[in-house]
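Okay, so we've got a single protein chain in two different forms coming up as structure tokens, structure 1 first and structure 2 after it.
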Structure 1
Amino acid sequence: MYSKKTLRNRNVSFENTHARNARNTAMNTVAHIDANYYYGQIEALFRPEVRGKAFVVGGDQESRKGIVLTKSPLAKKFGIKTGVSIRDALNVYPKLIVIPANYPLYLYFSQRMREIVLQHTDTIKPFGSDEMWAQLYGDRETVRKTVTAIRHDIWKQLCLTVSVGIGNNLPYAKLGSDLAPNNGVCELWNDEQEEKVYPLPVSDLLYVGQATTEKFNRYGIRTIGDLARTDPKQVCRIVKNKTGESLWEMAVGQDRTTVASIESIDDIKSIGNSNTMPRDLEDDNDIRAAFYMLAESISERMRSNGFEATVIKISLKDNDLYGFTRQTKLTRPTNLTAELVPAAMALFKRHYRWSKPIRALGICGADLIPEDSVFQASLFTDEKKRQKTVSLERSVDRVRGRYGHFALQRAVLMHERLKSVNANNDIGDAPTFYSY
């Protein structure tokens, strides 16, 4: 006797076998699947009274705290923008309906959506809870039929519409889903790049944020075509690091990033970040600076997705490539860098005695729970002081989101060579990963 989940996994494995057999005989294509105003769609399923009305997801209407995570189509028409504060959104349209986020429900739909896609391929790459890349096989007509089947199955089983981009690589597929209409498909193939891709603004390219866009504009690079026609070495000089070459490769359609093979999806359990450092780390001060650099990335992502970690994990490799992973339970759930780093440092000191310099370091927040979960408060914690830290780190998130990661930096990194490594930047020097 098999459970429904076991039967689903068996069916997925059956489908995946056929996909693997096709790999060596058919061309491969990347599709980017993006659920349309994801949180809003899900809420409308469970709240018939808000359908067709102006509503947003992501804040407490009574206290008017938080930001807009998703807006309904009608709210968009009234000028409500994603990322603005709930207070500002209500000032724009006082009759706006504000729905608090329900992350466990969204994660359930995220899991189910990925399971559906895995019935059509064995290779997906999640990108947040509502987006993913999928590797598809066959000629273009076969790929179109597969995409149609994926969209049909997601709608039939989850009542969600998705936009899909199709291309020869991940960046072009992502561009396609951004350009596709709601519940539509857009194809951007390399042999059509001169006509369809190169005229697009350079800011549309994956990982090109506002700060990088401004740098490019100062040098006359305003479209993806301008970037493609610029010498890669010059691009590196403009962005002041080696990631310029990766951006150039994305622009010309030569990105070689692959979609990792995965055959089962579970709930998101952790958000982490790791990096091979630009130089060996030689003492505790180096480690502390590196932890701050990495922890700011994962704490921001936890906050933006509404999570707190109950467990901290660290990983390291010395310059002989010997490494290990350690973890410990936190005294209270948190998504604050100011609390993650001391916990990581304590764990590091307990398990490492500086036999060799450290080459690579990682930190991960695990056993995630929703931010509004109930927990046992401590009599020894100054909650008023802690709330100031919460407000401060969220303010930093907003500033960096608008002006770029380097707009604000911690003092611990100011005189440290690690400050050149942006763990949460437009291109992602450090590999950020979601663990399933």
Structure 2
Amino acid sequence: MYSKKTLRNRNVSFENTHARNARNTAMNTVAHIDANYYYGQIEALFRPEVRGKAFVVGGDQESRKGIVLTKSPLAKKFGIKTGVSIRDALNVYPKLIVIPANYPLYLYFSQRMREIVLQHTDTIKPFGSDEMWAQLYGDRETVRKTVTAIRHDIWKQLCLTVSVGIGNNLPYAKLGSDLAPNNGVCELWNDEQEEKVYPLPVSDLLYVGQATTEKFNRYGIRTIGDLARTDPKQVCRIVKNKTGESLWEMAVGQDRTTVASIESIDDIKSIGNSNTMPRDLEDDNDIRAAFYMLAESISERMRSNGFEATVIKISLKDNDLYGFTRQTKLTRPTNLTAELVPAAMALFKRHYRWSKPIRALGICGADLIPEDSVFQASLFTDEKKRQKTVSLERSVDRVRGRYGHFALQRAVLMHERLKSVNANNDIGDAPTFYSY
């Protein structure tokens, strides 16, 4: 996809990439590191007065609006669940302490946590702000020592406890961290899958959501073992697309995904941003404003890295936390907000009928190509006008780089509560880069 010249300019070589991938495949030991009730731990660190009490992070106590993003262990004991509204949570336990989220702080901790892990390994793959996979090397005893050192350093430097899963592939490592106790470690090696992995519910598997679980259950597939024993072609037929084969490979422990280095720019296949909005979005105008906010952040990142997207993806979740992802090929590669948002809106309108308000929204530019790639120009595009838009958006980048994100704002955001959100800094849930 990239010319050798582009790669040379980026100081990345084909040889390095292949060597790294080969090494990762040959000695595949992966740890998945997951900070325990991440937002809650950080808030409890800076608020000693709430330690040991029932509290949640998210929303606003006075207005009783918003949702529970995370809960303390005691709040969990009282039956408070993540994703419920603050009003409902306060009905369950009126003395509940509600702490508003401080996303810039969580983002800062996320960056620090990645830096700490990178002191112990050369490759990590972030998964949200509080989770990541890390490639580990050596025999099992060495790996255990490395994991202990990582947990120790994260506690010493950030006062955070993490759960760690270790396995021979990414899905098993993730499964391990889900099963591990708070501040604990769980090993799920491929040679132990029969007794440790196969009895687990199929919904525990990475990327198996509610809808897919229901499909599997209809065919009698209730455990990961059931899925592993099913013919992969049959799995594809059940989920009605090719991801069935990937899910089957995950179940049997043969997932070949490697932990890409965060530094390797040639591994970037998409740049996206998504988050739970400050309030539920109720009509197309809300959606458009939110898309502008998110698209500005991703288009700026694409421009600064010299990429254009050929595919746009959107993701959404309604207030019942039911969601989906849709994608479409763009008519021409772009890194302009002015072109990404109309494409995202068209995709949204094609696939969503307003049955419920939208709680979380995401946008992602995928199948990235270098900015200077040759493409077939459309006869119907006014190139002069487009060049003006390119100059305008680059000028906005420079002004914001110098005077801050809020120095220039789109009019569409001025009537929204979103105007106070800087999607580049304030939203911490989306990784800066992620690759599929």
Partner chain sequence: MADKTVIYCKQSGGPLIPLTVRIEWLSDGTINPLMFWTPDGTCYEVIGHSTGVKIAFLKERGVGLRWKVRGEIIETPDPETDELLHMQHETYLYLADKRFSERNIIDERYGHTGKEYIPVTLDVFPDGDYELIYFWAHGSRYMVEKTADVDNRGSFKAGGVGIWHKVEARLINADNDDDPNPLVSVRRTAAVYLELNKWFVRIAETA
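Since this is a predicted model, take the numbers as computed values, not measurements. Take the two forms, superpose them, and find the largest set of C-alpha atoms that agree within 1.5 Å; that set is the rigid core. Residue 1 is the first residue of structure 1, and the numbers go on in sequence order from there.
Visitor: Looking at both copies of this chain, which one is the form predicted together with its partner chain?
Guide: It is the second structure that is the form predicted together with its partner chain.
Visitor: Using a superposition on the rigid core, decide whether the Cα position of Ile363 changes by 2 angstroms or more between structures 1 and 2.
Guide: After core superposition, the C-alpha of Ile363 moves 2 Å or more between structures 1 and 2.
Visitor: Once you line up the core, how about Glu339: does its CA shift reach 2 Å between structures 1 and 2?
Guide: After core superposition, the displacement of the Glu339 C-alpha between structures 1 and 2 reaches the 2 Å mark, so yes.
Visitor: Asp204: with the rigid core matched between structures 1 and 2, does its Cα shift 2 Å or more?
Guide: No, its C-alpha moves less than 2 Å.
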